[in-house]
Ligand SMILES: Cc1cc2nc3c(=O)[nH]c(=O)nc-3n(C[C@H](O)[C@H](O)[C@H](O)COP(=O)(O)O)c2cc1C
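Okay, so here's just one chain, in structure tokens, the form predicted on its own.
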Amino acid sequence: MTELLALTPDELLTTTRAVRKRLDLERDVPLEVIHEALEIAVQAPSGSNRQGWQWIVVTDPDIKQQIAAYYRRSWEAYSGVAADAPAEPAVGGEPASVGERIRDSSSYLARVMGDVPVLVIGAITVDEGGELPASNQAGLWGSLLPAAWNFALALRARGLGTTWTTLHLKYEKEVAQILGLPANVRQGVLLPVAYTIGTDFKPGPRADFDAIVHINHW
């Protein structure tokens, strides 16, 4: 059992952040740690307890680079900025806005995705033909989201980090072919996993509580 950080439940829940620039690209991640975190991940609830999730753990450098190439292509199309473009300096020396910081860190992740020690793809099994429901898909993905969050929490408790990413799904079929996935296994998330540079994460700013909580009616 990997040694855990000394975090209270509330600290674990409020300091598990989306980690991009603070992923340690130089430190190896033992598969045993990934297995521990995934064992906790699959304790999450799923619709009718079907547990239809699948987890593809990628450590092969060549496969990671192939996936990263599709991710980077998708990021550049989405952002309109080349992944290797330098970050724009803050105007007038002012601190960068939250949006600018996220954009900068996302660009960085697109640039280094193939160098992250482990890529974990969370997927879910669907009907034989592999088609997703034409209507509301909340029930389907609601069986994967809690498990992915459990995984992130388990990583944080062990001094590792990740971030929820889906940009590679623009090339889901190409990535599925690289990984040899059956047609009825549909990808939902790509989680780049590494030890974090430092473990001193803090709760993030959030919208005014009273503006988002409604009792009995709007």
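The structure presented is a predicted model; accordingly, all values stated were derived computationally and were not measured. All residue numbers are counted from 1 along the displayed sequence.
The next section is about a form of this same protein that is not shown, the form predicted together with this ligand.
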Next on the checklist: Whether Gln187 contacts this ligand in the model of the complex should be assessed with a 4.5 Å heavy atom distance threshold; does it?
Outcome noted: no
Checklist entry - Heavy atom to heavy atom, is Ile121 within 4.5 Å of this ligand in the model of the complex? => result no
Checklist entry - Should Ile197 be counted as a contact of this ligand in the model of the complex, where contact means heavy atoms within 4.5 Å? => result no
Checklist entry - Does this ligand come within 4.5 Å of any heavy atom of Ala37 in the model of the complex? => result no
Checklist outcome for this item: From Thr163, Ser46, Gln54, Gln66: within 4.5 Å of this ligand in the model of the complex by heavy atoms is Thr163
Checklist entry - So which of Ala77, Ile102, Leu132, Ala138 gets a non-hydrogen atom within 4.5 Å of this ligand in the model of the complex? => result Ile102
Checklist entry - With the partner removed from view, which of 166 to 174, 57 to 65, 37 to 45, 150 to 158 is the stretch that lies within 4.5 Å of this ligand in the model of the complex, judged by heavy atom distances? => result 166 to 174
Checklist entry - Mind listing which residues of 98 to 115 have a heavy atom within 4.5 Å of this ligand in the model of the complex? => result Ile102, Ser106, Leu109
